[in-house]
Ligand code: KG4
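Presented as structure tokens, the chain that follows is alone, the form predicted alone.
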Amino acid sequence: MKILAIETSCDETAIAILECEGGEQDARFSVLGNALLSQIEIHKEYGGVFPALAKREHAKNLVPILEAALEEAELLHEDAQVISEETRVKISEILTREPGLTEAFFEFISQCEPPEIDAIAVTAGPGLEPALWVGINFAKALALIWNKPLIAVNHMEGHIVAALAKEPAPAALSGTGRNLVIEHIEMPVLALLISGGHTELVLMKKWFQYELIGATRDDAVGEAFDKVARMLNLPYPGGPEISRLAEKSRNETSDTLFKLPRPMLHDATCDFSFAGLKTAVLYLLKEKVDLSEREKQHIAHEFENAVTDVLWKKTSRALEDTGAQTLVIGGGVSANTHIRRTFTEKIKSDHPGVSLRIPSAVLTTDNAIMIAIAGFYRAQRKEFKTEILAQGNLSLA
């Protein structure tokens, strides 16, 4: 089955085409085409993602991104296509919110044959609703003109399956594309989802049946990273910058010049809180007017230590409470070097029977590969949609 997937939940415009086969416990994926355009440079001056701007950029980028993905997958065949007036009217209605996209859409579609794909998957949420709508409407227009079924994908489910996927042994590789497999997954699966908008622990007892175990009561962990980075006058996005400074300090010493709290560390729940930690950094900076570069590094070091301590403590408690056999970490913050290192070490010493799955760096950020994988599983269950709504606060459980 070939799945074309579209991701526009935030500030990455991404389209991927995957060849998918197998079942839940033995699925194989070959990435035929993968195109992504990040908007980080555009949003830097705002210190975060500006929704209206993200929406505009998605509308501008989707057609060239689609063309690039199809070309890489060798599914782009130029041939003039006649589009009926009735179809033009319907597509114009679908894309009415994206006038610039409508013109580019017709220009591209009228010059190429429908590609040999089986279904179109698109992120329905969570995310920025204006951004989500652009991808959804684009997917609906493609589904109409190419006569393909639509699949709505939960963005966070995408992060889970991306973490479960791994590259097979070299001998198993075939072709020139990237290959991934999902196999030998022991249930239950506990997922720690950490990003700019989410910090939650979700249990999957059976495939795609979710239960919320714990969540942040205030700031998401990625949001806390970005806010602390702004306090330290670091550029956006803040997470990689804090990690860079923290690693410099960590390479010199394991001790830090400052001490920050670990909110809710000994609380009996699996919930998180990062607002107090962020405020503690603010008060610390008020006392330190002129920070030296070394002091800035130590603050980043201690902040990252505090965050990681809390994430591990809560996750460890959830593993004990649920009896989960597999732990996955997904979302943009899962790219953090110290978090990955700590969890890899701790799982071996504290939970040796648990299998840890962390996605490769390219799959930690928002991407369409994960949407295609999740879309494949949903397609196997015949969960096709005739109508998809953007849901900014869509939850798994």
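For clarity, every value in this text was computed on a predicted model and none was experimentally measured. Numbering starts at 1 and runs along the sequence shown.
Note that the form predicted in complex with this ligand isn't included here; everything after this is about it.
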{"query": "Single option in E295, E302, D226, D219 placed near this ligand in the predicted bound form, where near means a heavy atom within 4.5 Å", "finding": "D226"}
{"query": "In the predicted bound form, the one of I369, V333, A54, I329 near this ligand [non-hydrogen atom within 4.5 angstroms]", "finding": "V333"}
{"query": "Contact stretch among 320-328, 189-197, 81-89, 285-293 - heavy atom within 4.5 Å of this ligand in the predicted bound form", "finding": "189-197"}
{"query": "Heavy atom of Q39 within 4.5 Å of this ligand in the predicted bound form", "finding": "no"}
{"query": "Partner proximity in the predicted bound form: S243 to this ligand, non-hydrogen atom cutoff 4.5 Å", "finding": "yes"}
{"query": "Touches this ligand in the predicted bound form: T342 (any heavy atom, 4.5 Å)", "finding": "no"}
{"query": "Residue contact check: G214 to this ligand in the predicted bound form, 4.5 Å heavy atom", "finding": "no"}
{"query": "Any residue of 118-143 that, in the predicted bound form, places a heavy atom within 4.5 Å of this ligand", "finding": "none"}
